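Given next, in structure tokens, is a single chain: the form predicted on its own.
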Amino acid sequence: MTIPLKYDLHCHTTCSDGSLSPLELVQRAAKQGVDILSITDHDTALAYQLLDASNQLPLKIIPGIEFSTEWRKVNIHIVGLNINPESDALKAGVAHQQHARKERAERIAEKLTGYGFNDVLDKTLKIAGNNNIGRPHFAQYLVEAGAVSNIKQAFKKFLGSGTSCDIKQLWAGLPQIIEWIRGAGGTPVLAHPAKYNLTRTKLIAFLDDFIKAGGQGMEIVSGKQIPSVTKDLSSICRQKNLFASCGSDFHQPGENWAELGQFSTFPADCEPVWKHW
């Protein structure tokens, strides 16, 4: 009997908001039994440059990226899988999103400064360790400043959807995101559909727009999720004739619900995105 390969097609490194370097993440994934991995850092493919300088890797890598966009005032993430990190299309997308990310960070820092916090941007840059600042880095700043007791509270009070520091409308539109991914030879996939708090009707409406713009897949498994969610997402995936993907959305050790390779079982009745490559 042939043992199926284990795919983890969504995870993050220190190049965006993860806590492990690209090589550390690859090594951890291999120890967790992952056979094929895609690093999908936010708005950057830097991890692949760093891995090129490494020794022979213990598993197969599928280059990927995660872009942010907005749909009906909801922040949506699109993963690009099997991309060419060196393509002009991807480089254009990264440059645009990095500029938007920088502007967003400046606005968040300005908002937090208005609450009386000091040196917000400089200290958050130091936490990030690079210029790819995201909300998790601001959340860590707030924890270290003593304003909140943990990351979850930082999002609930300051950074989450609908809060005073929730800055939107800076990302590229959905059609542009998909154009960049497909222009880089990649497959556009909706990341973690169950995490946007969309009703089923709105999720269907989004997928209609996604498909119209050239979207091709959706994650039917994101980390450890309850069986009913997987069943419903699988049904929608088949209904819309989309390729199915899966991933842990790993950011750091200790989050057992998002550990590399340790996500819910991939349903057998959906067409895996990797069969398309």
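Residue positions are given as counts along the sequence shown, with the first one as 1. What you see is a predicted model, and the numbers here were worked out from it, not measured in a lab.
Missing here is the form predicted together with ligand AMP; even so, the following discussion is about that form.
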Using a 4.5 Å heavy atom cut-off, which of 174-182, 121-129, 88-96, 150-158 contacts ligand AMP in the predicted complex? 150-158
Candidate spot Asp17, Arg101 and Arg104, all three touching ligand AMP in the predicted complex (heavy atom, 4.5 Å): yes
Touches ligand AMP in the predicted complex: His251 (any heavy atom, 4.5 Å): yes
Contact test in the predicted complex: Gly134 vs ligand AMP, heavy atoms, 4.5 Å: yes
Of the residues spanning 203-220, the ones with some heavy atom within 4.5 Å of ligand AMP in the predicted complex are none
